[in-house]
Each structure stands twice: as C-alpha cells, then as structure tokens.
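Let's start with one chain on its own, the form predicted on its own, as structure tokens.
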Amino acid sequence: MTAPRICIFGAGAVGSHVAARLLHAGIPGVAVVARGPHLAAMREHGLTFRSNREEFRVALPVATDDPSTLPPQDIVVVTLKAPALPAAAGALARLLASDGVAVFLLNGIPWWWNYGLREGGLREGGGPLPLLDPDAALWRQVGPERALGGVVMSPNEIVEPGVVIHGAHSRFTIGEPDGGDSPRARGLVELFTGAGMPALLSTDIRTDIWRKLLVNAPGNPLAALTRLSAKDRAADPELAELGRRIADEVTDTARALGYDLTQHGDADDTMADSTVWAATRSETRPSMLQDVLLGRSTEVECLLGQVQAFARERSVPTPVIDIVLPILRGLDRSLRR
C-alpha cells in the first residue's frame, strides 16, 4: 500500500512541532510549507525540536514556500493562524487530492463551524461565518466537507529560525464536524499518536473547541495586551478576575448554543483539565503574545469576535468581552499597518 502524502501547511510553532514529530518517527511522504528565515534555516540545518524531555534534529526532505510545486496531498495538516486562512483558500484547494482531507489545527471558533451541526442543521443564517471567512473563500474553494476539526493542547514557540521549543505535555483532539466516527479521523488519530503526539478521536468536537476557548479567550488577549505570561497574570488579582469573567462569558455563550462546559464527557477529560491547569500557570508565551511581539496580525476574531457574535445572536450579555474586544481589534489594526 502506498504511503499517503502528508503536508504540514504553515510550519509555525505548532506546525513545526507536528512536522518534527512525524519526521522523527520516520513517517514517509511528509512535505512542509513554510516561509522566510525559518524555512531557510530548516532547509540548511534541518528542524530542531526541544522540550524538557528530549532534543533532536530532523532533515526536511521537502520544504517549500510555494505549495503549487507539490503533488496532490492526501492529508494536509493546516496550522496557519485563522487570519491567514482565507487568503490561502485557493492554494489549499489546489493542494488537496480529490479525496484528500484537511485537518485544521486552529485556536478558537473555526471557519467550518456551521457545517454538519446536529441540532437541526445549520444555525439560523448558516453557511460561512463572515468574521472568519469574509468572502466565503474557504467555504467555496476548500469546502467544509473536506475539513476535520482539531483542538491542540500543546504550547510551542519558534525561538529562532529552525528551532521549535515545546513547553509541556501535549494532546491533540481530532473530530468530524458532524460528530461521526470516520476512518479518516481515526487514521489521523493513529498517525499522530504513533508519532509521539497523543491524540483522541472526538465525537463532539465543538464542545472540545469551547473548552479550549476557556483557556484561550481570556489568556491570549490579556497576554497580548499586557505582555505578561500566564503565571504573571495569575499573580495579579485584578487580571486574574478579568480572565475569570471572560471565561464565564464564554461559558454562558456556549450554554446558550447548547454546549454545557461544566459537564465532563469522558474519563480523558482529567488529562484535558490538567493540561488547562498547566497552561494557566505557564511561563510559555501564548500564541497571540508571540504574534504581537513579532508585529503580526492576531487571532482576535476567532477567539473573541465570533464569541461576541454568537452571544448577541442569543442575547447573552458579555460586558467584559464588549470592552476587551474593541481594544484588541485596535491593536490588531495597528499591527496590520
């Protein structure tokens, strides 16, 4: 049987972690799409992975900044940040084989959210979400039926070109938008786990996404605005209270949409809870803070903007998000300039 062609599309911090693990495990057919000094360093010296448990370097057989040079891919692991996705829709669509699948390892609410909902089909006014897919490029060109959802509990950072540091334990959760138990989702779970990245199959990926938002929605924006680590913010009573209030508003919004974040779905939630606990006390810089420090646009809409939009649809008050979101959008506009 021919090994599947696998592409890591957007080898930033998470993508570099995934690429390093797959290549270190000897998985054949792995290509990497990256750019800039990081790509140049990986081509010349390979990709170095460091954690508190191990360090290794892998060579990249195929690394490019032009996905059109690659043959059709069976699996595309998309680790671009949400703001960059719409512009990449055409490249992703061309890269996928006719029966290929793209797993989106994203923070926050994903662009495919309205596809495959169980509760009565699409939400009112369903289809693409304007804040996340403004021109419906992802919805039309990639197609939500080719997407798998992914939730990443794995702090990583590119500390210099060609070097990724992994800060704690990892867990990857992968699921179909319709909650099904599909061979393609199971295959990806087995691929990740076999390469040393513990992964679970979810039959309720949206609840998993909401639960990750309990960490990301308070943590990333407050880190970006204060430039403080999670540990430092936790030591400040007022910042800690602000974070708790944002998390409460996320919980209320999720509940209004039918997702109860106070209930544990399975025994593996114990691991998820411990990962969340570690993330809220970590010295690792959250991804939005990394973006701000590098002068890049932020994930403001998928982390807070879409939560506010959902809340307003259901008349859920979000007084803290309503204050933090405009400030964060202003910061994002200044970075885009």
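In this text, all values refer to a predicted model and were calculated from it rather than measured experimentally. Sequential numbering from 1, following the sequence displayed.
Keep in mind the form predicted in complex with a small molecule is missing from the figure; the text below concerns it.
Q: Could you confirm whether residue 184 comes within 4.5 Å of the small molecule in the model of the complex, counting heavy atoms only?
A: No, residue 184 is distant from the partner.
Q: Quick check on residue 20: any heavy atom within 4.5 Å of the small molecule in the model of the complex?
A: The answer is no: residue 20 has no heavy atom within 4.5 Å of the small molecule.
Q: Residue-level question: is residue 109 within 4.5 Å of the small molecule in the model of the complex, judged on heavy atoms?
A: Heavy-atom contact with the small molecule at 4.5 Å: absent for residue 109.
Q: Although the small molecule is absent from this view, report whether residue 328 comes within 4.5 Å of it in the model of the complex, heavy atoms only.
A: Heavy-atom contact with the small molecule at 4.5 Å: absent for residue 328.
Q: Kindly indicate whether 113, 209 and 298 are, all three, within 4.5 angstroms of the small molecule in the model of the complex, using heavy atoms.
A: The answer is no; none of 113, 209 and 298 reaches the small molecule.
Q: Between 129, 205, 246, 152, only one gets a heavy atom within 4.5 angstroms of the small molecule in the model of the complex; which residue is that?
A: Contact check passes for 152.
Q: Identify, from the list 105, 102, 250, 95, the residue with a heavy atom within 4.5 Å of the small molecule in the model of the complex.
A: Exactly one listed residue reaches within 4.5 Å, namely 105.
Q: Determine which one of 252 to 260, 238 to 246, 184 to 192, 78 to 86 lies within 4.5 Å of the small molecule in the model of the complex, judging by heavy atom distances; exactly one does.
A: Residues of 78 to 86 come within 4.5 Å of the partner.
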